[in-house]
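Presented below, as C-alpha cells, is a lone chain in the form predicted on its own.
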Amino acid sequence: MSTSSGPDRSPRVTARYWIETAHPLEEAAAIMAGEQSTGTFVRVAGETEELRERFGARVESLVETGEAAAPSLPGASAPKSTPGLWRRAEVTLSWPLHNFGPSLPNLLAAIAGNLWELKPFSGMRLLDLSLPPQFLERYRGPQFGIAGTRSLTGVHGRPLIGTIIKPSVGLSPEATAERVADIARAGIDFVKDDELQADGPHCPFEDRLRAVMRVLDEHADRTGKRVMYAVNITGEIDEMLRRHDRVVAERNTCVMVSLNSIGLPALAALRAHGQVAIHGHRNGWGLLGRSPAIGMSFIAWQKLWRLAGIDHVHVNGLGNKFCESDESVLASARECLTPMFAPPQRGCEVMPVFSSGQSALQAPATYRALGSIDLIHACGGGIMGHPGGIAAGVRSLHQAWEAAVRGTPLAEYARTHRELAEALAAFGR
C-alpha cells in the first residue's frame, strides 16, 4: 500500500484497472490519469508543472496482457495509424489523498467516474484499490464483524447456518412470523428478510418486526438461543435510522440493507448511528460485475462497503443459480476475510455470506477452498425443500459441515447421518 510520496509527502490512493484500447498504451494510461485529476483534452491556463506534480494522478505501472479481435464495447475511437488493433493491459494509477480527502463519495468520483465514458477505451474495469489508513479516521468500518456476530448469535466453532424467508413477498406480518417460528424451532442461527420485502403496504415494516420478534423472544425464552434476524430496513436515510431504533427497541441484533440501493453515505450514516450488526445485501451487483469489459470487481467494490460499516456481505455461492463462477465467488469470500490495512490499523474483516442455490452439497468444496468456517451459509430451498422438513434441512447442513471439517466424504458421512443422506438424494447432481 502506498502511504506517502511526492514533494509534499501526501498519502496516495492506488487503483488497478484492466483496459482495452486501440490507442498506444502509454498514451491511453496518460489520458486516464489526466482526465481524473488535473488534465483535460487540451492544456489550459493554470495547469503548471508544479500543479501537475502536486495534484496530478500518476501512472504507477502498465503491463500489456494481450489483444482483442474487436472492441468489447461500442463507441470507442481508433487512431488511423493502428486500425483494427485493440490491445489490452493492466494499468495502476495513484492519486494524492489531498485531491479529495478521506471521502468515499469523492473517492469514487476519482477512481470510477468519467473513466468509463472515455472514447479512447473499448473496455475498462476497476480490479482493485488500496486506501491509506487516513480513511479509518473518518469511517468506522464494521462494528461487529466476525467476532461480534459470533458473540451476538452464540455460535462458535462452525459456520452460521441461515435461511431466507420465502415467499419473498406476499406474506402478511402474521404469516411471516409463523414462518420464522417454524424456522427457529428447526434450529437455525440466522434468518433474513428477502431484499424485495421492506415496508410494503401488505407487510409493513413495524408490524412485521413486532410479529417476528414476538416469536423469536418466545423461542429465546424457551431455549436460550437468540436467532439473529436480519430485518430489511432499506429506505431513505431518516427512515432507516428510525427503523434501526425500532429494531433496537425490540431487542433484535441485526438489520439488512440493499447496498446498491442506499449508497455509501447512507450506509456510513447508519453505521455511525448503529447499535446492531449490519447485513449487507449486494442485489444489483450484476450491473457492475457481470461484464468482463466494464464495471468493477467485487474485490474493489466490497472494500468501500467494509470501510463504510457492513458486518456481513453476500458473495454468492458455489454451484449457484446465477452466472458467477466458483472461482470468482471464492476470491470474493477470501477478500472479505483479508485485512484491508496493515497492523496496527484495524483490518475491517467481515463475514462472507454464501447464498443462492445452496444446500449441504456445497459445504466440503466451500471449506476446502476457503479454509475457514467464518461464514454464513444461507440456504433457502436447501433447508425448506429438504424431504424431511425444515429441521432435517438444518441438521443436514450441520452434518455436512462436520464432514467437511473432518475431511470425510459426504457420501461416507451420510451412511450414519440420515438427514445428510436425504439431502444428497434430494439435491445431488
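In this text the structure is predicted, and so the values were computed from the model without any measurement. Position 1 is the first residue in the sequence shown; the rest follow in order.
Heads up, the form predicted in complex with another copy of the chain isn't pictured, but that's what we're talking about next.
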item: Listed range touching another copy of the chain, judged in the predicted complex by heavy atoms within 4.5 Å, from 346 to 354, 214 to 222, 151 to 159, 118 to 126; value: 118 to 126
item: Another copy of the chain contact at residue 292 in the predicted complex, heavy atom, 4.5 Å; value: yes
item: Contact flag, residue 36 vs another copy of the chain in the predicted complex, heavy atom cut 4.5 Å; value: yes
item: 4.5 Å heavy atom contact, residue 235 and another copy of the chain in the predicted complex; value: yes
item: Contact label in the predicted complex: residue 251 to another copy of the chain, heavy atom within 4.5 Å; value: no
item: Contact residue in the predicted complex, chosen from 288, 299, 337, 186 - any heavy atom within 4.5 Å of another copy of the chain; value: 288
item: Of 130, 134, 320, 328, the one that lies within 4.5 Å of another copy of the chain in the predicted complex (heavy atoms); value: 320
item: Heavy atom distance at most 4.5 Å to another copy of the chain in the predicted complex, all of 182, 306 and 341; value: no
item: Within 4.5 Å of another copy of the chain in the predicted complex: residues from 130 to 161 (heavy atom criterion); value: 138, 139
